[in-house]
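Below you'll find only one chain, the form predicted alone, shown as structure tokens.
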Amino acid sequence: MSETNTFPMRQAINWTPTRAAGLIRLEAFLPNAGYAYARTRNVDRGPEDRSNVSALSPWIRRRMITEEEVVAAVLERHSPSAAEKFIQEVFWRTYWKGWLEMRPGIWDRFNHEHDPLSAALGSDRKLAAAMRGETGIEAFDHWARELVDTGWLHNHARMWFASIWIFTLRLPWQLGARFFYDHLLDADPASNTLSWRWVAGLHTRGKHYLARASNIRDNTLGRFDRASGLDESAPPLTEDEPSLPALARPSSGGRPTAARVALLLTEEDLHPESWPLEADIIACAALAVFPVHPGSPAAEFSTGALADALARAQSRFGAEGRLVVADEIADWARSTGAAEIVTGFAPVGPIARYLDAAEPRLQEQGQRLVRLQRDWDKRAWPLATAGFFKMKAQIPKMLAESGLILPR
């Protein structure tokens, strides 16, 4: 945590970036994962009390704990009807990933638009004040500082913050999305980018989210009773309708077939113990990405998560491991002598781009890159063709296919 943190030190969440810490947090949350969660999940009680939400997203985002094991643990304690709302929230992250996987141009457009906006507004005082939490809007400023200091915000606070950024401060949504992406412990390209687009009215055309002072007051238990000056009647943003290409599939996917393989861990899947591996694991590496803000909570969590996964892989498979950066992937792979390099499937985003760039050289070296896609994603992603409710209707069927509930 930052030395300039202004919030109580008695954090309700232990943000230790290990699988063990994630499992402890899961166990602590389980009693509240049923009807209690459905009743109270929208209330932001502040960073000192997160008992009404799971706060599991930093671990789930990296699959240090998987969606399937989280849902399984919840259903051991609660009926499907009692846990319905929490399970839907787990599937929201899956839905965002599947939706972006079928529309990779949205991620490309975001990056294409962000850079010139950042250059044009780099010295803009209003933008700087928003990121420092000095706009004069008490709630917004609190959340801006909380985000930078802790790396996490309640989901409702994220929605309020994005709405105020876009519709009251009139700042480009792309810069707000990047501000979140750089600081959130749980940021991923899909859920972060598409959630900002949803607030702006771009995901579902004409349907946006407007932060209202009364809603903020009621759902922060009166902590922010003076959220005045908000634009509560702004129209949604507009843009050209995005194209809908076919679901992307890597040509080198599938399952490992070689007798000797090396593992490449990335932040898209840091639970190699649950990968379907029968080969001899002769080496492993973790792909490190240079953080935008070294020393920030997000950077520290990322570094710690990779180290934890690498240590678990070394212990489980008895193979030597090391950290590599993107430019070193092919050289490391060649040094292992493995016929196949096995990694978790990386959805649209920076990690996928790094793997795509390394794959031709791996092929030149006679090595196959195997991207393991989990059954959870195989079942869910093809349903992300429209709004979330199409996937929502299929959740019972997907859970039955996973063996988590009895089929109807």
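Computed from a predicted structure; not experimentally measured. Numbers follow the displayed sequence, beginning with 1.
The next section is about a form of this same protein that is not shown, the form predicted in complex with a small molecule.
Of the candidate stretches 129-137, 149-157, 314-322, 260-268, only 149-157 contains residues with a heavy atom within 4.5 Å of the small molecule in the model of the complex. Note on contacts: among 99, 180, 110, 173, the single residue with a heavy atom within 4.5 Å of the small molecule in the model of the complex is 180. Though the small molecule is absent from this view, in the model of the complex it lies within 4.5 Å of a heavy atom of just one residue from 219, 195, 302, 296, which is 195. In the model of the complex, the small molecule sits within 4.5 Å of a heavy atom of residue 186. At least one heavy atom of residue 54 is located within 4.5 Å of the small molecule in the model of the complex.
At the 4.5 Å threshold, heavy atoms of residue 332 stay clear of the small molecule in the model of the complex, well away from it. Contact check for residue 191: a heavy atom falls within 4.5 Å of the small molecule in the model of the complex. Taken together, the three residues 60, 86 and 162 all come within 4.5 Å of the small molecule in the model of the complex, as judged by their closest heavy atom.
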